[in-house]
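Next up is one chain by itself, shown in structure tokens, the form predicted on its own.
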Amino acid sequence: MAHKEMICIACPMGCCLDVEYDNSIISVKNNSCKVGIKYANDEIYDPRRMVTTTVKTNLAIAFLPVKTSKAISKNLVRNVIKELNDITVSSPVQIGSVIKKNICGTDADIIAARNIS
């Protein structure tokens, strides 16, 4: 049995969770709501993160801020960043435009986070 302490960021309460787990969650203590139990399960068995970064452009502004359309598995974040290093945006983009579909096979798209003309 393993033990881990973590701060739940799923809601504004920010509970300091005390989690015991093995092949599944055995107990979650100090959570104020049920969201903390789901958060602990996700963080231990399939942690996911939104990716926010920039890609190069050959426009007036050198870098375009981008983000993933949804959270991706934490162990794929480096692969996504590496693939984005090879992308250069060459035409004007609008906020919300898809820069790269299905990045690294994650089923998430890379979305522009600002307008550049």
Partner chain sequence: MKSVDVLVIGAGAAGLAAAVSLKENSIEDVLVVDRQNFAGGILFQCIHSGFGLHRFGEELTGPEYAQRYIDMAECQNVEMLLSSSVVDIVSKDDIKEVIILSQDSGLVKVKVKAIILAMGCRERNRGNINIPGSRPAGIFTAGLAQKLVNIEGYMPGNEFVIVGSGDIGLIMARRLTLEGAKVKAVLEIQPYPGGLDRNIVQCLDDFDIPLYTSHIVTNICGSRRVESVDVSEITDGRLTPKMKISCDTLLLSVGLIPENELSITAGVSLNAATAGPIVSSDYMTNVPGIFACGNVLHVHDLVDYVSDEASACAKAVSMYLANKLPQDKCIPVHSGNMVRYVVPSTVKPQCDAILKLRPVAPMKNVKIKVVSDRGDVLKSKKLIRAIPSEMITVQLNDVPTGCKSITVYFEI
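The term rigid core refers to the maximal set of C-alpha atoms that superpose within 1.5 Å between the two forms. Predicted, not measured: the structure shown is a model, and the values here were computed from it. Numbering follows the first chain given and starts at 1.
Only in words, not in the display: the form predicted in complex with its partner chain, which the text now covers.
Visitor: Name the residue from T88, T54, N41, S91 that puts a heavy atom within 4.5 Å of its partner chain in the predicted bound form.
Guide: By the 4.5 Å heavy-atom cutoff, the listed residue in contact is T54.
Visitor: Given that its partner chain is left out here, which of K70, K34, K74, K29 has a heavy atom within 4.5 Å of it in the predicted bound form?
Guide: None of the other options qualify; the answer is K74.
Visitor: Does M13 reach its partner chain in the predicted bound form if we count a contact as any heavy atom within 4.5 Å?
Guide: So M13 counts as contacting its partner chain.
Visitor: Consider F63 of the chain shown here, and say whether it contacts its partner chain in the predicted bound form, taking contact as heavy atoms within 4.5 Å.
Guide: Flag for F63 set to yes.
Visitor: Is I110 near its partner chain? Define near as a heavy atom within 4.5 Å, in the predicted bound form.
Guide: No, I110 is distant from the partner.
Visitor: Answer for H3 alone: is it within 4.5 Å of its partner chain in the predicted bound form, judged on heavy atom distances?
Guide: Flag for H3 set to no.
Visitor: Can we say the CA of I99 moves by at least 2 Å between this form and the one not shown when the core is superposed?
Guide: Shift of 2 Å or more: no.
Visitor: Please say whether, between this form and the one not shown, the C-alpha of T57 moves by 2 Å or more once the core is aligned.
Guide: No, because once the rigid core is superposed, the C-alpha of T57 moves less than 2 Å between this form and the one not shown.
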